[in-house]
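Single chain ahead, by itself, as structure tokens, in the form predicted on its own.
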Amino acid sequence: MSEKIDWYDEFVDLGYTPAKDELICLYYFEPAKGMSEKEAAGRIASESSAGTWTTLHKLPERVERIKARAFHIDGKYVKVAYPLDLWEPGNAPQLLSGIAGNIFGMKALQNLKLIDASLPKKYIKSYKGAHHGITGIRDLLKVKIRPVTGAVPKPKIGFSAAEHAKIAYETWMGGFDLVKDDENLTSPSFNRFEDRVARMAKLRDRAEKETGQQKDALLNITGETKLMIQRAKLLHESGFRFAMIDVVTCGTAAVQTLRDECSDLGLAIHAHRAMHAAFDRNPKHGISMYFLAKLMRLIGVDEIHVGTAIGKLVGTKKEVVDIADMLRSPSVEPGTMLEQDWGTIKPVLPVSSGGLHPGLVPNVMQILGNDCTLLVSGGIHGHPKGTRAGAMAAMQAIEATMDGIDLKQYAVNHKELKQALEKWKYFKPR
């Protein structure tokens, strides 16, 4: 009899019951040609934990205790249980290196997607979560019930710092709470970060004095980690209470560092999800936006983009609602996604953006409710009467929706909304 070469089958135990303190992952998977579901599942559990491609001469007894086990296969979905000892407390990059690492490059798998991970209480305790969270953001802006509002000057990049700040002022004067940099605006030659901060701070103070309302900005500090810390300090010194980070491109390690730095400065973190679709757009391969958002809640952002379901970006209504509910809820009951008890981790505000205008506000609020940030950008700057009127129209759409009044009816006595509806109606961008 020939000697056994591999030991992948030892990582599959369909009769196994995970312990309460084990981390559970849900994967969608498609075996490569000639590979059975069980063989493929064994390779997922092996490569993401303590296995290798061949049997070994000698193993520490510990390996049997810490190895992952594929314990449930249902069609193209598999659940894998990971003992807690596999994971270093508070180390998000190490977690990803395991459950979302080499397994994506295995020839035994034609497709693989990490759908969700259920994080045990003991593991969660090693993370801090959001410093402000939903309640903290509302307190900062003194916005009690309605959605928080914000806009990006459009086009997304091309304005000088002075032009950018002027548009910000018009946005604030139209009633919006926040003005946001876009994901690829940091400090180009024509709009230096330091110049933009100074000019925005001056006009923010003016807008606050003239309106009697709290005004702020989501200025993009994305860059090398030490540079981001410097930029966060400048925001604090300039009176801003938010910092924006492109969390996917920066990576979990940098976001963890900035969570502590921003917390010390009292800054709330606005998480932009730029590059997420490189991971989540393919329904059969990659990492779901649901899990990416869960990971960012764990690390400690205060609000994060989740999509609109009706705007210009991909994402179904169910996907958007599932993500938003996971971010805002103290726990998630098992169903399509895995069970999750967040313990003391604060709820995070979902952000809706991408192709919105006043005519779509009721749809978004029906999907997400009031606990969200609405970013309406091109949909205010493209208003026939300009940015200030566009912001007013969006605020009017929010007011009408909260009062249960149809937009057409409300527009009769609100000319800015009427003008917006005449241009866009209920158009959904493609």
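Numbers for residues come from their place in the sequence shown, where the first is 1. No experiment lies behind these values; they were computed from the predicted model shown.
Here the subject shifts to the form predicted together with 2-carboxyarabinitol-1,5-diphosphate, a form of this protein not shown in this document.
Although the partner is absent here, His276 is a contact residue: one of its heavy atoms lies within 4.5 angstroms of 2-carboxyarabinitol-1,5-diphosphate in the predicted complex.
Using a 4.5 angstroms threshold between heavy atoms, Ala41 stays clear of 2-carboxyarabinitol-1,5-diphosphate in the predicted complex.
Mapping the unseen interface onto this chain, Pro362 falls outside it, with no heavy atom inside 4.5 Å of 2-carboxyarabinitol-1,5-diphosphate in the predicted complex.
Not displayed here, 2-carboxyarabinitol-1,5-diphosphate is approached by Gly378 to within 4.5 Å at the level of heavy atoms in the predicted complex.
Stretch 152 to 160 is the answer when you ask which of 207 to 215, 165 to 173, 152 to 160, 67 to 75 has residues with heavy atoms within 4.5 Å of 2-carboxyarabinitol-1,5-diphosphate in the predicted complex. This chain is drawn without 2-carboxyarabinitol-1,5-diphosphate; in the predicted complex, the residue among Glu261, Asp182, Asp116, Asp322 with a heavy atom within 4.5 Å of it is Asp182.
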